[in-house]
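What follows is a single chain, given as structure tokens, in the form predicted on its own.
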Amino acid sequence: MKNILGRKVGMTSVFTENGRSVPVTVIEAGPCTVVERKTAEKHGYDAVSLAFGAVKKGRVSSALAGHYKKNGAEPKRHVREFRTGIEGAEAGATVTAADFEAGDRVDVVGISKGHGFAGGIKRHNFSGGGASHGSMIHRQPASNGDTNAGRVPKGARRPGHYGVDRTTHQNLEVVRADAERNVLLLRGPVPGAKNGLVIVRATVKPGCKPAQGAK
């Protein structure tokens, strides 16, 4: 099962067999418990619910505690549902980093870092106006569109809240998978801040070659 929940630990670099340094993101992946297995006959669709992260029983709502008890599982901090890549997963099973191996391609989902209220240059990569004296427009968003419309059109790229969005980085390479320490090393950046929850699943865009000498 190529689906797992984890915690973003941070970034580092490792050396491949040919001596090349590769930047990687360290993810504490699992162990996750299969809390529930949904079927098309009973629920209308096939899915698997994975739970991850230790939590005090007093921090779990009564409804969620009852859900765990009904399925014979210990309460966890996070629960997420997967509908693809769930073959062979049954309630009560444990999902670990051992299900992944070096060279696998995965998609990682997380909540991006928050930047508060940001202008157009930072939020939408606007180029800005002239930097010389007297231009009066350095970082301003300039024209707001048609003056006859009398309103701001939907989808206009304007200053506003930036970040804290569900973000997916696709087709990341698994450089190493350490089942003993429940760690995945993924080549490149992963969305979100340190200690943030991330979802790792098999990529929907396979086909890219792995890094040379990756192990």
Partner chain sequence: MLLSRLMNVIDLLDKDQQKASVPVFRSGDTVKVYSKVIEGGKERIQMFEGVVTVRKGGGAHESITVRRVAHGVGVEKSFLLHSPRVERIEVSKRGVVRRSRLYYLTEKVGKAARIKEKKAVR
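Small disclaimer: the values here were computed from a predicted structure and weren't measured. Numbering follows the first chain given and starts at 1.
Below, we turn to the form predicted together with its partner chain, even though it does not appear here.
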{"query": "Residue (of 67, 187, 38, 176) lying close to its partner chain in the predicted bound form, criterion heavy atoms within 4.5 Å", "finding": "176"}
{"query": "Which of 56-64, 43-51, 25-33, 167-175 sits within 4.5 Å of its partner chain in the predicted bound form, heavy atom basis", "finding": "25-33"}
{"query": "Residue 7 within 4.5 Å of its partner chain in the predicted bound form, heavy atoms", "finding": "yes"}
{"query": "Residue 157 within 4.5 Å of its partner chain in the predicted bound form, heavy atoms", "finding": "no"}
{"query": "Interface membership of residue 20, its partner chain in the predicted bound form, 4.5 Å heavy atom rule", "finding": "yes"}
{"query": "Contact label in the predicted bound form: residue 11 to its partner chain, heavy atom within 4.5 Å", "finding": "yes"}
{"query": "Those residues of 166-185 which, in the predicted bound form, come within 4.5 Å of its partner chain by heavy atom", "finding": "176, 181, 182, 183, 185"}
